[in-house]
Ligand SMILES: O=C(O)C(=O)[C@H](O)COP(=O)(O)O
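First, one chain by itself: the form predicted alone, in structure tokens.
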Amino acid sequence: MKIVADENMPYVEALFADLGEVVMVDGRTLIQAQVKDADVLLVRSVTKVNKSLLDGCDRLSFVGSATIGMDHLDLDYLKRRGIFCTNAPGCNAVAVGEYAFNAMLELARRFHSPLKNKTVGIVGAGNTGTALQHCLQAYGVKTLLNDPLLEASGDEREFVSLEELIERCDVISLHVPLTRDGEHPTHYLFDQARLNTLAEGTWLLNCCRGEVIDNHALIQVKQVREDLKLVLDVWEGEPEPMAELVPLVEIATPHIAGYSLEGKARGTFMLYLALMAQLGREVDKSLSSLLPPLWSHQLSPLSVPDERALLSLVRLVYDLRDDDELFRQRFQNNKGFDLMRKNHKHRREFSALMLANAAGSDVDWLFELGFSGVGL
């Protein structure tokens, strides 16, 4: 069996080498010749999997994408070919939720405007939006949800219209898939008209797909509205963001919101489970065995007295400012965007930090937020 996999997927060798020959490739530049004799193809969102790539690849029987979204996969074509296709829904949800929460804490510190006093609107209440809501609720922040598809499906949570969310919220975080068709398309969901309706001082975060916001319109609006504060992890035209937009953004990163070590490992592991099921073979590896051990940090209830101290604790796990600084230095370099993703340091999730000597109701909310604790 030949397994072709994106070189930026971790633990591929550890999980798949027992099954056959593993060949690592650049997913951004993958061509048909590299897949010609493959049985299994493992990709990320940078690879367009369609007829152009797979025509003539007669041995291929399994395509797995270590991503939440599937807009880069031609599902109709794969179905017609009889090629089994799967993705990894929720694999990096915790990472994306923690990234957005982290970014909000950074903005709160930078602009002396406490997050706990704000109302946060979450557009898209699937896996990543729900993970963000979990963080915010653990910290005691009020949230509003907008997701017409989930609302129509019978989801029992309370939802509001997008217009009401924009009107009532101080912070808006986007967590929708990119769709161009249907009753509720998300392509340019925030166009110039909608951007102009944002209340004064709104914080707008995009951690899903760049084209959910019209970036040309965003430049025009931001140039005349310094009150709007932007966090962009995704960009229209990736891997070449509009250079004039970057200086207008408070926190800028190269599509790495979901790039925690746990999230990436979880995505690869989910594909491993799916392939083993397809092959009818018994699973003989575990996710926990792949990850490094937890860190330990001594903590007392008095050591997290306010939001500033919480941000310091969060920075112990992941300091978002480092990626923002690196992005501004390198995004215009040759292949700078993709190289930053490829070489991204091993960012961990809150759960990697074990808080010792922290028992007691005064800090239980930290465990709800995701940090580990002795005996938990």
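Quick note: we count residues from 1 along the sequence shown, nothing fancier. Quick caveat, the model's predicted, so the values are computed rather than measured.
The next section is about a form of this same protein that is not shown, the form predicted together with this ligand.
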Query raised in the report: Going by heavy atoms within 4.5 Å, which of 320-328, 43-51, 30-38, 305-313 lines up against this ligand in the model of the complex?
Result: 43-51
Query raised in the report: For G336, is any heavy atom within 4.5 Å of this ligand in the model of the complex, or not?
Result: no
Query raised in the report: Looking at the partner-bound form in the model of the complex, is S61 within 4.5 Å of this ligand by any heavy atom?
Result: no
**Report entry** Distance check, Y259 to this ligand in the model of the complex, heavy atom within 4.5 Å
**Finding:** yes
Query raised in the report: Does this ligand come within 4.5 Å of any heavy atom of R341 in the model of the complex?
Result: yes
Requested in this report: Could you work out which of K229, R81, H255, H134 is the residue within 4.5 angstroms of this ligand in the model of the complex, going by heavy atoms?
Outcome: H255
Query raised in the report: Judged by heavy atom distances of 4.5 Å or less, which residues of 64-79 approach this ligand in the model of the complex?
Result: T67, I68, G69
